[in-house]
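Okay, so here's just one chain, in structure tokens, the form predicted alone.
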């Protein structure tokens, strides 16, 4: 689309990335922070190269008249901070839209099934986050007198960091820790630069991983240990070019799965929302009804393995060595009917005799999905598969493989784990 003058348009729908869609004389445009029914004034953003087949981006200049679906944002940083896309849209409409996104994604693969209403998660519940910390010298862009430490999330489609003072997504303990985390700036960044702080709320307190190139010297190690004691953080670790290194630990960073305490490795994956985790587990439990032998693949630290082991024999397989080790230790201490294997399922999937006696396979892969394992499962006789996915597109690809192999996609339950974002997760059940 060539550059155009300002236009006044009506938003008809919302696209997959959360932007409103309007039709103009020059074609379709995507307008951020708009909802269906909004009448808005826009300016197209000039793009290099040929026009996109799907449409072009536009800048929102003004809202001429608001849709009945529009609501006030919950955060003063909304619109600037790139962490949230949809605070301006009614919750019921967002949930319906996320369900529809899954339906459309499945349809692209020729798949249809019963899709349940999306499970909502509440604000102020997220227990893990990745925050950017940047030091900016006085006089430089984005600096302010007396406040040169920026802590927060990147701005929308930008490397700029929005200095977040409060966040209605984070749980109470993480939100309360923001000022303390900002105070790490002078300690960690002696001059202009930036790094990542990964924080997880655990029973023992906040687990902090500092991601920065190089290694901390003796003096910095001492400062960080003092900081941990002063702020009562459970643990501080340093992740440079190699694996994470322990700097200080005052308490075990524990999260319970099925009532079993697991001491998390530094930066270990856990579901961001306890409500979302409970919803995913509830559907997996239903799929496991009557199952005696279960394989939990991409098991992480045991969010599904440990609860399922209360009623069945479970074999958990995890590619991250430290997570597998933590799960194995927890299982041994709990005397659970759970065996743990460290294994790269993308290189060496479960197959043949390993699958023959299983009643259920649980899959919870990363965003890339579980294509190799699903190719094998499609040729197996495993009666039931419960698939937890953080990426509907790769799930649809894998589900197509399984359906072509003789499985029936019985149901899909969307889960709105990442509140106010365009992201949606799901749990699905497939039966042979």
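Everything quoted here is computed from the prediction, not taken from an experiment. Numbering follows the first chain given and starts at 1.
Keep in mind that the form predicted in complex with a small molecule is missing from the display, and what follows is about it.
The three residues 303, 318 and 365 all sit with a heavy atom within 4.5 Å of the small molecule in the predicted complex. Look at 111 to 119, 264 to 272, 198 to 206, 182 to 190: in the predicted complex, residues with non-hydrogen atoms within 4.5 angstroms of the small molecule sit in 264 to 272. Checked against the small molecule in the predicted complex, the candidates 249, 162, 132, 345 yield a single residue with a heavy atom inside 4.5 Å, and that residue is 345.
Proximity to the small molecule in the predicted complex, defined as a heavy atom within 4.5 Å, singles out one entry of 78, 298, 153, 97, which is 298.
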